[in-house]
Ligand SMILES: Cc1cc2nc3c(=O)[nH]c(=O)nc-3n(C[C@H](O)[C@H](O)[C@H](O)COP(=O)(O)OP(=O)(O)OC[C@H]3O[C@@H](n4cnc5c(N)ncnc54)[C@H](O)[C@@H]3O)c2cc1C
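Only one chain is given next, in structure tokens, and it is the form predicted on its own.
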Amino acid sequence: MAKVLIVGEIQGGALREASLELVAVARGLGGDVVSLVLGKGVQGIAEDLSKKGGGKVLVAEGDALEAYSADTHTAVIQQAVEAEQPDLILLSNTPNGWDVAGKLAAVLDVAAVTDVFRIEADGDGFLLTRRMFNGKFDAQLRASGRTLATVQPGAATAYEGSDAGSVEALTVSGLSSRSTFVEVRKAAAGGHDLTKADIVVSGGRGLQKPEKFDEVLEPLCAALGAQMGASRPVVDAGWKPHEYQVGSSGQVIAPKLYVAVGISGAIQHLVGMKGSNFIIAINKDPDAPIFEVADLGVVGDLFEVVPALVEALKQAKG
């Protein structure tokens, strides 16, 4: 059975949710699971991960690892691979994951498959599925031998088991970086992370005017306890900031409930939300592509349907 090495990613002093999603992917393959946590003062994070299915968690700590660097992270992961000899190495498909994956694959001389949303065991290798051409096609690749993959955040549900593992120190050497950490800058808008929302209500051009998001969509978000999203045309028109955008060039999300209001469903948008557990679409065009992925479709004028839905939700809550 395959051995999988998970590279945990720390953000804001905590383990990213995407790393627990990697645990779910690794556990689904049925083999041994080893995790790696690197940074400064990360012992507690490693112990927590060991209790959440991370298996044996290797900890690499030191001043040189306090800030992210592709050089130092690659060196640590390489030494973890040499120590554990995994068949599959998993990183999150995040900016740090993209940055280190190519360098790491070259150093290890292994096959690398990026932006994967499904991995299956296949004999002595793996079947990895990724989207191509803005989601128009799903490509399935078979990899044999040691493989590195970056996995889309939201492609799996975070592992919720309580399998007890262990924590071990990983002694590393020869850490140096050709780059120098300067600072981390947070976006001024901040805080609008749709990937963590259980319910997302998104609006499209069908709302006609930017003020309609406040007048029509916001009451529905409030009634459902949802975060608001938007399609790319809405963002391109300046009606909403980029962090609201759902799609291949925005955020790829998989909430429990996704409500698309006045969105026709271009392929770029579908890529970003078709992994949702339940999809409701409201559109006046019965032939809109959004209905092809919707679990429930409402054909009608959104300016009549949405207020009626909000009123029904209010009555249901008493």
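Here the rigid core means the biggest group of C-alpha atoms that line up within 1.5 Å when the two forms are laid on top of each other. Numbering starts at 1 and runs along the sequence shown. Every value quoted in this text rests on a predicted model; they were computed, and no experiment measured them.
We do not show the form predicted together with the named molecule, though everything after this point is about it.
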### Task
Would you check, heavy atoms only and a 4.5 Å threshold, whether V151 touches the named molecule in the predicted complex?
no
### Query
Is there a non-hydrogen atom of I263 within 4.5 angstroms of a non-hydrogen atom of the named molecule in the predicted complex?
yes
### Query
Contact between N96 and the named molecule in the predicted complex at 4.5 Å, heavy atoms?
no
### Query
Given that the partner is absent here, does N277 sit within 4.5 Å of the named molecule in the predicted complex, heavy atoms only?
no
### Summary
Exactly one of I45, L257, A288, A70 comes within 4.5 Å of the named molecule in the predicted complex through a heavy atom, and that residue is A288
#### Entry: Partner-facing stretch of 141-149, 96-104, 116-124, 225-233, counted where any non-hydrogen atom is within 4.5 angstroms of the named molecule in the predicted complex
225-233
### Task
For the stretch 244-278, return the residues whose heavy atoms include at least one within 4.5 Å of the named molecule in the predicted complex, in the order they occur.
Q245, V246, G247, S248, S249, G250, G262, I263, S264, G265, A266, Q268, H269
### Query
Just checking, between this form and the one not shown and with the core aligned, does F213 shift 2 Å or more at the CA?
yes
### Query
With both forms fit on the core, has A14 moved 2 Å or more by CA between this form and the one not shown?
no
#### Entry: After fitting the core, P233 CA displacement of 2 Å or more between this form and the one not shown
yes
